[in-house]
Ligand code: ADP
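To begin, one chain is listed below as structure tokens, in the form predicted on its own.
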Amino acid sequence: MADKPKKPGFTGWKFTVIYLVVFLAIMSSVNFFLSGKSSSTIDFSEFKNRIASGEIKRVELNENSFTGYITEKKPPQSLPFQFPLDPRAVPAPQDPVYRTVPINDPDLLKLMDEKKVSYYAVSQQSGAILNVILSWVLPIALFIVIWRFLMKRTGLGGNVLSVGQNKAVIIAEGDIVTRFSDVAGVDEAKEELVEVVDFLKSPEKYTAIGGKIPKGVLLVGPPGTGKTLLARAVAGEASVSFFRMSGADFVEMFVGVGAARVRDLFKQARDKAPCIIFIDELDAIGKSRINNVAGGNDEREQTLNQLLVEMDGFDGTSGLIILAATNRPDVLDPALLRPGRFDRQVLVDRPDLAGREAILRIHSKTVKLSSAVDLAAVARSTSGFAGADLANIVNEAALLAVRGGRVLVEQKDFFEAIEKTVAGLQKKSRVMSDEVRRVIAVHESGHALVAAFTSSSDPVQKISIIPRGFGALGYTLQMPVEDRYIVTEAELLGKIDVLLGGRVAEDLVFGQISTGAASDLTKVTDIARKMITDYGMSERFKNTALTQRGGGMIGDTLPDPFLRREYSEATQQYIDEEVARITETRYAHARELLAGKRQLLDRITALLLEKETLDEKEFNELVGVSRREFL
């Protein structure tokens, strides 16, 4: 069966036509009612009779008509402004007005003098001009102002001719001061982009040998890793114009606007070549057109189709290069990623230890640091942080120093900034009873002790019973010694042991448990389930992945909303039972460990209740000898 024809979209010109029709209808109606005075045209003889009877008190004379009013003439200064304006007098709307065709009758003037009727002549030219101004010029001006406002609010730039104009931020050649020296922690990505810069500077080297530079370079990486900064650095190094636009800026409520903006963007870019087009958040318009779970979007697909056409429409020697950034490369349309379009993908990953230290040094250039600050130690404490996170830590440390009345940023300011980023803001004003404080102290001591006596666990950096963030009544801060790229089965079990340590300590000391371990249990269950379904770490399903996830964001640890289960109910029951078995086994292991360290647990709890916070040095002094003997 043939498809039904699609209705045309509500484009900008249709909006303008409808608005113009409505405006003309309103203006015609308003002028009709305003000009419709309560007047009647009568015979000249009857007009004279009404003057003679004294009904008409005032007569207005002009070359087209004689108008009689039953009201007396009023001073101009006492008259309110009405429409249309009469410089002499305006009758009240309810007063009758008599009009007649003028006849050259000398007796009329004598009659009006006899009856003491005031009469005066009015020029039609000045009144007509004034009426035109008030009736049409001012309303049309108001119409244009309202029209431009509505067009801007709907994204059409206030001009129907600007419907398809792009919204790119254009930075002229030489105005970009960002260089590769301002970017750290992504050395491999910078090396990949050196060729792009060299081509923009010296394209003849490549064209002479017959080589072609990639038309499009896709920067892929988690949020905050510096993809946009890298694109600006490429434009700054090459000293070319830079067009920056977000993927969301192409799509509007009007059909065809996105495609028109793509055409306009490439047209402007070709005129300014050599230049760089940077499209941020490419996945906003570049999502795959195949198996779209959320349904189709004609406007987005038209925009994508136009982008594909434009990328095919210029050759590799034009000096026009497209850079794009996304953290969802798996959802992009395959047509975008084929050779000839975005034929090079550059991974911009989270920095390693050396990269984090370099990033901290760049962002600390404008900050006054104490000579005792060790940025290498700060870098070791920020494993997994992206460049944006590190920039925020430097700024937070500077703000904490100012808040503390210091003129230099000290080491403690950096570590407090890290805690604030990881655990949230301190809530010292929250009042808790002694009983609750003791439960929290026991809980956090249990976490720390299990971590101290688990060989695969990260070292404890700080323990605190000061509430932070939204729901954390206390926290145990662990920082890895080095970056980890894979996790062993023993390390996963060690994580479960540490997470269960808080509840085990409560059970051991008080003989009962509380709700304080709710978030810990959620993490324990998630780790245990992933061990079985994702990592193949179960007795029955060794080396088998049971769950296929949909496309997720790079670096995202949250579950995907569209999970597909490809196993039976019996397998699901086994997974649930195996998760419970792993949890129970590790709980028993942590209980046995803490039962043998009961005195040490009580000492740490008492010190926490006294000081509220224990740092790494104080904690290691308490558990150092015992830990060496245990390990």
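A residue's number is simply how far along the shown sequence it sits, counting from 1. The shown structure was predicted, so the numbers you read here are calculated from the model rather than taken from an experiment.
There is another form of the same protein, the form predicted in complex with the ligand; it is not shown, and what comes next is about it.
- By the 4.5 Å heavy atom rule, the three marked residues G516, R586 and R591 all fail to count as contacting the ligand in the predicted bound form.
- In summary, among the residues G319, G256, P329, P222, the only one with a non-hydrogen atom within 4.5 Å of the ligand in the predicted bound form is P222.
- Listed residues G247, G226, G216, P467 were compared with the ligand in the predicted bound form; G226 is the one with a heavy atom within 4.5 Å.
- Contact check for D182: a non-hydrogen atom falls within 4.5 Å of the ligand in the predicted bound form.
- Among heavy atoms of G502, none comes within 4.5 Å of the ligand in the predicted bound form.
- The closest heavy atom approach of I359 to the ligand in the predicted bound form falls within 4.5 Å.
- Interface residue remark: G387 is counted as part of the site for the ligand in the predicted bound form, having a heavy atom within 4.5 Å.
- Heavy atoms within 4.5 Å of the ligand in the predicted bound form are found in exactly one of 267 to 275, 228 to 236, 415 to 423, 521 to 529, that being 228 to 236.
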